[in-house]
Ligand SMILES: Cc1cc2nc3c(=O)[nH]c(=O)nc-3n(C[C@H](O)[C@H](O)[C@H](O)COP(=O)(O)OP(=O)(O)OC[C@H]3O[C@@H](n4cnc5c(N)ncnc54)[C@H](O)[C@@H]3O)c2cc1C
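Next up is one chain by itself, shown in structure tokens, the form predicted on its own.
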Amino acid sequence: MTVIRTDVCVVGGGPGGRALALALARLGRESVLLEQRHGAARSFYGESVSPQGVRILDSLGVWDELAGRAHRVDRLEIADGGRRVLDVRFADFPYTWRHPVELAQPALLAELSAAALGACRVLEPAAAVGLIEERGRVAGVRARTPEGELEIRAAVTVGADGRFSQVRRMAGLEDGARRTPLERDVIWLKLPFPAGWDRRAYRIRIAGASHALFLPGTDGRVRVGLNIPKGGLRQLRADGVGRLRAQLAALAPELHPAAEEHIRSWSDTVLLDIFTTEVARWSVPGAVLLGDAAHTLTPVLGQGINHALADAVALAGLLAPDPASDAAPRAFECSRRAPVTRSRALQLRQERLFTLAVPPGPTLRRTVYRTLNALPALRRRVFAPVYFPGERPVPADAPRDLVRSAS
């Protein structure tokens, strides 16, 4: 059997895994990355990158190449009952990097991989089928490739393989993990961007207990996340695709013509099962988890990619001096668990607000958003932990924005 030896074996080629490989390369460490999907093809993937995420990409030296392919977002708008109740302007926040961007994930992954060439060997497609254990610690991974099975021997193995992590299961870290289903699922689809809409705005539309997200895509279309009751797809499908179009039109009448023309069947949509996972421990000797493998979040406010990037640079900095150190994964978990916990709490509060349907719930929700809209200082205090976690404010005379405008 072929044996490959390296400093770090990274299982999972999403943003977190590839950013980790690049961060390790910048610090002089070699890695082998396994990705089971050829070309990292996915039916659904996030594209929203927060200002903190943009700063991290810049620190890794890849933002200059990505900026021209990113779509800057200037504002977040929430409308409830047909009226706008909140308008958040990112330029109003006192940080150097102020704007989130939309960035097609294939472009992000390709640039991260290209920048790590030479220090990171990518095996793709390659699936981790078992962990190598020696003297009570993980010593690497057994992998299946089209050419046959091989072993990757590494000082540490990192599970960056997503919310259904196999590394988490194989390392025994699934025990004690708490998976919490939310009361809804999300149907994702893409439609032509409607005339009259601001292309630099995130939109949330709410009507009673129904709501949807509308995100500007880098391909000129709008990405739509329509929320449905948990397990409600079977009934929706039984009612026919026309029912889906009607639910969407009730929230965004501007999209009705495009929905009639472009949503022809259920194959034009992707269902995302919404849940959070809290893992009791993120590591065992010789193995550690990051990103969704360690802490699955919901799509609300687009936090998944950003926490994966933050995990990657934090873990790389701790592993680089000695990848075999068991103290490094523990220190990593200690530093990253609190920010993730805060983001999860913010997401769940938003989820509860979105789904208030019984009076006086909707009135209370609109009052909360209108209060935030009327008080800039309170608005900044509430949204800063979402988009600028841990960032330091800059003086008022600092450059207004370092993020380049994208078409």
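Just so it is clear, the model here is predicted, and its values are computed rather than measured. Start at 1 with the first residue shown and count on from there.
This next part talks about the form predicted in complex with the named molecule, which is not shown.
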With the partner left out here, if you bring back the named molecule in the predicted bound form, are 12, 16 and 36 all within 4.5 Å of it by some heavy atom?
-> yes
Pick from 305-313, 321-329, 203-211, 255-263: which stretch has non-hydrogen atoms within 4.5 Å of the named molecule in the predicted bound form?
-> 305-313
The named molecule: the contacting residue among 113, 105, 145, 269 in the predicted bound form [heavy atom, 4.5 Å] | 105
Within 4.5 Å of the named molecule in the predicted bound form, heavy atoms considered, which of 155, 182, 127, 79?
-> 127
Closest heavy atom of residue 339 to the named molecule in the predicted bound form, within 4.5 Å or not?
-> no
is_contact(residue 162, the named molecule) in the predicted bound form, heavy atom dist at most 4.5 Å | yes
Answer yes if any heavy atom of residue 188 is within 4.5 Å of a heavy atom of the named molecule in the predicted bound form; otherwise answer no.
-> yes
Can any non-hydrogen atom of residue 291 be found within 4.5 angstroms of the named molecule in the predicted bound form?
-> yes
Pull the contact list for 201-238: residues with a heavy atom within 4.5 Å of the named molecule in the predicted bound form, in sequence order.
-> 223
